[in-house]
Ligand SMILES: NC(=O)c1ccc[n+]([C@@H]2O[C@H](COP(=O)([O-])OP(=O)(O)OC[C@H]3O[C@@H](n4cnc5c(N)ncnc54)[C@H](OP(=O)(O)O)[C@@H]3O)[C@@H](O)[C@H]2O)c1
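What follows is a single chain, given as structure tokens, in the form predicted alone.
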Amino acid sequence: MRVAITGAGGRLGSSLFTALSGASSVDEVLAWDLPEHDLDDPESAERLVQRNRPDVVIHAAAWTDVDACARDPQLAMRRNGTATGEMAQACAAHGAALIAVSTNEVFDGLRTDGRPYRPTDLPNPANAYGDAKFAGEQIARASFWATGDDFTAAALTPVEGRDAATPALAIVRTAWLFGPPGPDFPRKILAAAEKARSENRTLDLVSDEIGCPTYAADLAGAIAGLVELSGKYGRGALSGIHHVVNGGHASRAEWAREVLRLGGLATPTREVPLRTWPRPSTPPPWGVLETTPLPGGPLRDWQAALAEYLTNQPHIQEPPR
């Protein structure tokens, strides 16, 4: 198969390039990124899909600055909603399967029953980023005629139970992504702890925002598994809404303390509520996703993934330009 990755130079995109380069059913991996693929260009998706004719497109490109999205919701909708729809329409028109990467922020996070969000739960975004990503999901579903509960439940149905009419569309929701390149949450915490220690002060950590830390390399491996599934059983085999996160969940404070422990930093910390730092965007206070069955089984716990990341700093192969 020929597989294309949008946002190929980003955190998930670069991990996807590495994971797919070793996949047995993948003959070629196409790295689409700026300036060739531009979320602000309405013709970018059609031009690339028509030219390269991929079998599968993984749409990982997104505007992930949630506070900037809140400041400019129109641009957020363009980049995270409309552009996803354009990619879906191009894929559907040219017979390519699409894996669209989405977010836990399609949910408002206000539930108090302690249950993680399932693919069958009704989204209700509470910020501009989540609103745009959910719009992208909806346009993608419409492009592939993937409507109703049958599509949502496809992720939970054995591959043998699907037929040729199953839409060649997967929506992969994830959360709290970390890994190279760039300043992710663990790196920011380590830098903030060093600064707090040098200034002889306590490091404040948010205690009431809870989610699923997810290692980009692990997520990429799971998505590569969906690609392999489509190569073996047909493009509709990847269909459905998939929640893909590392095992377990944590508050921002718990995640940060584990980062400090693994980093060997004894900086004093204090738990504070999210309202301590007013910000343009409102994250879901309970952003926990229930993982759906995957070809390779559930992802390992987030603590193990974080330990590998901070200890080994695995090399990420650079995609071609």
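A residue's number is simply how far along the shown sequence it sits, counting from 1. Because the structure is a prediction, the values reported are computed rather than measured.
Form predicted in complex with the named molecule: not shown, discussed below.
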So which of 126-134, 188-196, 107-115, 229-237 is the stretch with heavy atoms within 4.5 Å of the named molecule in the predicted bound form? 126-134
Close approach of Thr174 to the named molecule in the predicted bound form, 4.5 Å, heavy atom: yes
Does the 4.5 Å heavy atom contact test between Asp33 and the named molecule in the predicted bound form come out positive? yes
Going by a heavy atom distance of 4.5 Å, is Val29 a contact of the named molecule in the predicted bound form? no
Taking heavy atoms and a 4.5 Å cut-off, does Asp38 contact the named molecule in the predicted bound form? yes
Between Leu12, Ala19, Leu299, Ala305, only one gets a heavy atom within 4.5 angstroms of the named molecule in the predicted bound form; which residue is that? Leu12
With the partner omitted here, the residue among Val57, Val288, Ala256, Ala60 that in the predicted bound form has a heavy atom within 4.5 Å of the named molecule is Ala60
